[in-house]
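So this first bit is one chain, no partners, the form predicted on its own, shown in structure tokens.
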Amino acid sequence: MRVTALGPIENLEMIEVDSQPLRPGQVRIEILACGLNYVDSLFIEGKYQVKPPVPYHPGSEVVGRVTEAADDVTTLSVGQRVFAPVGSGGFSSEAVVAAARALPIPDSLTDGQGATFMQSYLTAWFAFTERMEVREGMTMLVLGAGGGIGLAAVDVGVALGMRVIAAASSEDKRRLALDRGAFATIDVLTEDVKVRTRELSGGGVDVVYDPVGGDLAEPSLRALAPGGIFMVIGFVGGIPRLPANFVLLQNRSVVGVDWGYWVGRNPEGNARMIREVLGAIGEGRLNPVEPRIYPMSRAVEAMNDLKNRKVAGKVALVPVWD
């Protein structure tokens, strides 16, 4: 799948190309599933902070089976199931990647789970291990808690010892968050987020995890306890204007969390975090949600459903061309 000019996601087209030859140190994988994230549509539309060169082939994280390996590859074997952060080109039937970047995944992960855990779980892991210090028993409000990014934050936060309040717009999304260990939920459509958060937390939360922004950001900031941390993850609901006086009052902090920017400058640290997250998944401490599956030929429909918040949890594409 590719776009030749950044713009409406409907510009995404299917093309057929020759298989790429292997170079030393590479493996060929048959793609079994590719994760679909909200940011994929932003890249295609040219609305992300960094604009990809065109023609652009979307899709950054895949699970596949090794079908061929270069002669010098000793770490992987044909038939092995792997996760690969391909960067781009994941909306495809096969990929050629450096063997060093392809990681065997636990049998406990399905193809869909394996293809959709990285961006959301690594963002949360980075936030809680690199951008702040988690203390056992901290309380956290997670906005957008039924979406992929928020749901991973609930799962990781609980695994690290935090008490999590999950805010989401539908009963299905709130149920998913409860299944991942949240002790309470907030309906953002019918409840006052600031008031309800303070009630549930006993006066204010220690952390707000905000991948939504928009109108929910300010009341969530005001729901922080003294010394609380407001983590800026993304802006699905629009870029907010936060009143600085509510940051100043009670010594609150605002912390930016840009895992993608950090990865480019810390590849070894990121490889370590991937191993830590995969280890926690293998041990059963983390439990990625099973995604909703779409054929790649319906990628535009899948992106629209994701943008319009019709999906609880994650979305994966499989190479089926109906």
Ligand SMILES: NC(=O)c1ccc[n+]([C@@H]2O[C@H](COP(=O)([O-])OP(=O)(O)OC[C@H]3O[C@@H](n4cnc5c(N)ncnc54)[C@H](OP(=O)(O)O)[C@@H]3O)[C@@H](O)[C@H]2O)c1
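Source: prediction; values computed, not measured. Numbering starts at 1 and runs along the sequence shown.
A second form of this protein, the form predicted together with the ligand, is not displayed here; the remarks below concern that form.
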query: In the predicted bound form, the one of P106, G237, G181, P219 near the ligand [non-hydrogen atom within 4.5 angstroms]; finding: G237
query: Selected contact from V188, A159, V82, I229, since only one has a non-hydrogen atom within 4.5 angstroms of the ligand in the predicted bound form; finding: V188
query: 4.5 angstroms heavy atom contact with the ligand in the predicted bound form for V39; finding: yes
query: Non-hydrogen atom contact Q119 with the ligand in the predicted bound form at 4.5 angstroms; finding: yes
query: Heavy atom of D258 within 4.5 Å of the ligand in the predicted bound form; finding: yes
query: The ligand contact at R309 in the predicted bound form, heavy atom, 4.5 Å; finding: yes
query: Stretch from 163-171, 72-80, 221-229, 242-250 whose residues place a heavy atom within 4.5 Å of the ligand in the predicted bound form; finding: 163-171
query: Residues in 141-174 with any heavy atom within 4.5 Å of the ligand in the predicted bound form; finding: G144, G146, G147, G148, I149, G150, A168, S169, K173
